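In the form predicted alone, a lone chain appears below as structure tokens.
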């Protein structure tokens, strides 16, 4: 199985390292021809406006949407979760998005870089042990549609992981930990 990691901006290298560690082949996706080589795709954390603009510049928005419509699993972490969401609050009007998941993403929901934090999350889909999650200028997910399954919440009830069919969104960065379970879960979608 070849897993694509969108490599336009953000922490794509960390995802590639994690994927190699669990035995997956990795292809860095920068152009539509790279997308054609992968069976699933991860959109990493970074700056969602920048990644969205680069998706448009490199003409990747429609090819990604087409592949997802054909069943390709897609996972967005942090900025990637924002780009997967159908609606964005606290964003910019001109911000390009994929708009694939029936969710609203609230950008920088916890504040600035200084307000980044870590928390243990219970994610039943990956097992009983808590997942130690790293949140960096993280969004939260709101208003999930009827086909969206909430996978994880913070203690205050804020949604930080969700799934809609073969689409996965996490507001945290599993690639920055040693815990492989979320990546393994994505490979099984």
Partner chain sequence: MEKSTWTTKAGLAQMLKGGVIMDVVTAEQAKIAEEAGAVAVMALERVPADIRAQGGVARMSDPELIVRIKESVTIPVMAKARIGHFVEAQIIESLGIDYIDESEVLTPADEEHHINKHNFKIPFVCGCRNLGEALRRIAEGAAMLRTKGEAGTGNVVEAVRHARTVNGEIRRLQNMNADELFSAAKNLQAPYELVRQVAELGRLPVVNFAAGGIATPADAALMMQLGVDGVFVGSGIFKSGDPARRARAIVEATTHYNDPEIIAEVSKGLGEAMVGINIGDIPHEQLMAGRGW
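Small disclaimer: the values here were computed from a predicted structure and weren't measured. Positions refer to the first chain, counted from 1.
Unshown form predicted in complex with its partner chain; subsequent notes refer to it.
- With the partner omitted from this view, the residue of 69, 122, 57, 150 that lies near its partner chain in the model of the complex is 57 [heavy atom within 4.5 Å].
- The partner is absent here, but in the model of the complex a heavy atom of 136, alone among 136, 158, 61, 26, sits within 4.5 Å of its partner chain.
- Remark: none of the three candidate residues (106, 166 and 188) comes within 4.5 Å of its partner chain in the model of the complex, counting heavy atoms only.
- Contact check for residue 37: no non-hydrogen atom falls within 4.5 Å of its partner chain in the model of the complex.
- Not displayed here, its partner chain is kept clear of residue 129 by more than 4.5 Å at the level of heavy atoms in the model of the complex.
- Contact annotation for residue 49: at least one heavy atom lies within 4.5 Å of its partner chain in the model of the complex.
- Within this chain, residue 176 lines the site of its partner chain in the model of the complex, having a heavy atom no more than 4.5 Å away.
- Screening 28-36, 61-69, 158-166, 139-147 for residues having heavy atoms within 4.5 Å of its partner chain in the model of the complex returns a single hit, 28-36.
- Residues 7, 8, 9, 10, 11, 13, 14 of 6-20 are found to place at least one heavy atom within 4.5 Å of its partner chain in the model of the complex.
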